[in-house]
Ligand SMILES: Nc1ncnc2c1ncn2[C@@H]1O[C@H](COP(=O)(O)OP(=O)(O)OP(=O)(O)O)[C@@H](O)[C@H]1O
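As a starting point, one isolated chain is supplied in structure tokens, in the form predicted alone.
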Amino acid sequence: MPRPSSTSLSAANLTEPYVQPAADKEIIGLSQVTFGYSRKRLVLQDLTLSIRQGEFLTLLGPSGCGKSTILNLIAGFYKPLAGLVTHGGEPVKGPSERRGVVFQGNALFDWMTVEQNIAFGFRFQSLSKLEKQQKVKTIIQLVGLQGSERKYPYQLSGGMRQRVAVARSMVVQPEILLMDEPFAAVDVQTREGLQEELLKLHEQVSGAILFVTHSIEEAVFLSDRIVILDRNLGGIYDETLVQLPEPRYTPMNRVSDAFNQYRTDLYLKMKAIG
């Protein structure tokens, strides 16, 4: 079940109270989706998947099973050969600010400061300078970047650059955040810190998260639900609901009996598909 959120990124000040939506409300739907670079080179075939509002869903599976392809279809970067991808019941026809994207490479602009990179998300919005400043200030506080507003990407650690990338995606109030192995390029200690910060952020703002990873431990620590994809054209091999003690971001969850049991079960399932 999606974890409750307490705050929505309001268009005015990012701090208005958030009313928790129905837990079973679908925000993203894939219905019998087929995708490939040609009919003879399919990556996905007849895939059906639903993401609920406020849910943290993680995709696991071997390389080449279609995890990143699913993310790119939802983002609107790819179009299916067959089937339908919907957002809020409407067909996805292309990229939208309603769907934020964070890749492994943070894709920051080296010539812009932290606050300028984050504010770039407003390029298509008609907001006053004061409104933009307030929203940037609030999201900087949410992701813990206070004091780094005037720094350039080359002055930041890998972990801080990824925080900026997350902040830039979140500041436009997306209904879902799509994250493709965003923490894979940083060291283990930094990665664990970023995972904990992401869970804290997810508790404070509305919106679902779709997360792609190869790490079973990362999937268990972060997720409400984990979907394992098979090698066979991105078919769903298994779905696991994860229930760990709240707050989810406590480091003790990483060494709990429940965490170790989920990790073991998922490891065996991953081994079963090769």
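One-based numbering along the sequence shown. Computed from a predicted model, the values in this text were never measured in an experiment.
The same protein also has a form predicted together with this ligand, omitted here; what follows describes it.
So which of 62-70, 239-247, 48-56, 217-225 is the stretch with heavy atoms within 4.5 Å of this ligand in the predicted complex?
Within 4.5 Å of the partner lies stretch 62-70.
Taking this ligand in the predicted complex, would 37, 41 and 78 all count as contacting it (heavy atom within 4.5 Å)?
Affirmative, all three are within 4.5 Å.
Interface residue in the predicted complex among 149, 97, 192, 181, criterion: non-hydrogen atom within 4.5 angstroms of this ligand:
Contact with this ligand in the predicted complex is made by 181 alone.
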